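Single chain ahead, written as structure tokens, the form predicted on its own.
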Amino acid sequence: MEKIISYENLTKLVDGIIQSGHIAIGQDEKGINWKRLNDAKELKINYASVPSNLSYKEFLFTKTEPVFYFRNNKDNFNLIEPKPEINENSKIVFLGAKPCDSRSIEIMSKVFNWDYKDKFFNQRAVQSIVIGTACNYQDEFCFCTSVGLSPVSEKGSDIFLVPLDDKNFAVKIISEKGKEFIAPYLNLLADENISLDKIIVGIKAPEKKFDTAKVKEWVTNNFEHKIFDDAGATCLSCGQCAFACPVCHCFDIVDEECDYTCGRRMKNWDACQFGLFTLHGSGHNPRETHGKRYRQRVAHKFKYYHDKFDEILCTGCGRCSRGCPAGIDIACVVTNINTVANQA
């Protein structure tokens, strides 16, 4: 017997989340961004629609946040910890995340716990509950199967929903966090004799476009190849790709003074596609061209991050390509690399 939940009971679950003081996060009405839900009527499970323009990354790794405040005294200074934005007993519940979003927290956790444990990200990650959903959408920009995922991948989800029809979902409890979270709401779940395996098999997956192992090997040995210059020739260095990506995580640290008596240290999103990202104080820039910066983007995702953490820094969501104002499609670039590698 499989557990199922109706859309009506799913909204009751959201009501329970909000009334319990937890934070419910879902897609907005236009499917552009993710937002905090203040009413269960705002819930949208867009399993058959294009992924939102932006991921929910900013709820874990915020666009800008204070690391600490400081106050200058006559002979010394005081450091002041910022107040937590979220109660430590509250959960951050992401509702209806496709597999290309659900996987993001686990991937980013590797870098935020590498040589330094980032307490800001980690606290939010610990408090997060991901209610994922199987995905019934694909277009020319989707390539989740090329990076080890699929439309029915449960990786990163604590609870996983499989759409049965427009009004009902099968429910799979994936993690201990998910089991503990759903316990107070078990009355919203019903038992039904359905063949879930047949339904999952029937969900079409995007065709695999490239082999990440071959791409990694080729990038290692072709640092100066013109493929990167060709891609960079149209790049505007706008950073859309990094900001829309669910796993890009570059940031800058800036000290801001309000006057000579006080100030704050801020952590702000940054992107390797920006011309200033690697600019040295001397004026030298090792990545002064768009091509070199695009090479860094590809190499970071498919080589460097894998070397360090045994993870591909990409979930195949296609957001960077759909939103690129210059029409650069990273899957096409990497597929081209795969083709060249096969010809070598």
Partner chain sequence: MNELREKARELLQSGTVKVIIGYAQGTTPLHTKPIIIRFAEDSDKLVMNKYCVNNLSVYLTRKEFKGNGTVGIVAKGCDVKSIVQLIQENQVNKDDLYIIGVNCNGAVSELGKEFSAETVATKCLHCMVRTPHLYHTLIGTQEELPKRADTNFEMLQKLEAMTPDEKWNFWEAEFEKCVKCYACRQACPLCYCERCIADKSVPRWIESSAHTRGNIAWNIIRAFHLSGRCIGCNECERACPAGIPLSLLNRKMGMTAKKEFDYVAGMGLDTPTLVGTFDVKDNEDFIK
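Given the structure is predicted, the values throughout are model-derived calculations rather than measurements. Positions refer to the first chain, counted from 1.
This protein has a second form, the form predicted in complex with its partner chain, left out of what is shown; the following refers to that one.
K.L.:
Would you mind picking out the stretch of 152 to 160, 195 to 203, 98 to 106, 249 to 257 that comes within 4.5 angstroms of its partner chain in the predicted bound form, counting non-hydrogen atoms?
P.N.:
Selected range: 249 to 257.
K.L.:
Taking its partner chain in the predicted bound form as the reference, which of Met266, Ala213, Ile86, Ala190 has a non-hydrogen atom within 4.5 Å?
P.N.:
Selected option: Met266.
K.L.:
Is Leu54 a contact residue for its partner chain in the predicted bound form, using a 4.5 Å heavy atom cut-off?
P.N.:
Yes, Leu54 sits close enough to its partner chain in the predicted bound form that at least one of its heavy atoms falls within 4.5 Å.
K.L.:
Using heavy atoms and a 4.5 Å limit, would one call Gly21 a contact residue for its partner chain in the predicted bound form?
P.N.:
Looking in the predicted bound form, residue contacts with its partner chain do not include Gly21, since no heavy atom lies within 4.5 Å.
K.L.:
With heavy atoms only and a cut-off of 4.5 Å, decide whether Leu279 touches its partner chain in the predicted bound form.
P.N.:
Heavy-atom contact with its partner chain at 4.5 Å: present for Leu279.
K.L.:
So in the predicted bound form, is its partner chain close enough to Ile227 to count as touching (4.5 Å, heavy atoms)?
P.N.:
Ile227: no contact with its partner chain in the predicted bound form.
K.L.:
Which of the residues spanning 215 to 248 lie within 4.5 Å of its partner chain in the predicted bound form, based on heavy atoms?
P.N.:
Sequence-ordered list: Ala233, Thr234, Cys235, Leu236, Ser237, Cys238, Gly239, Gln240, Phe243.
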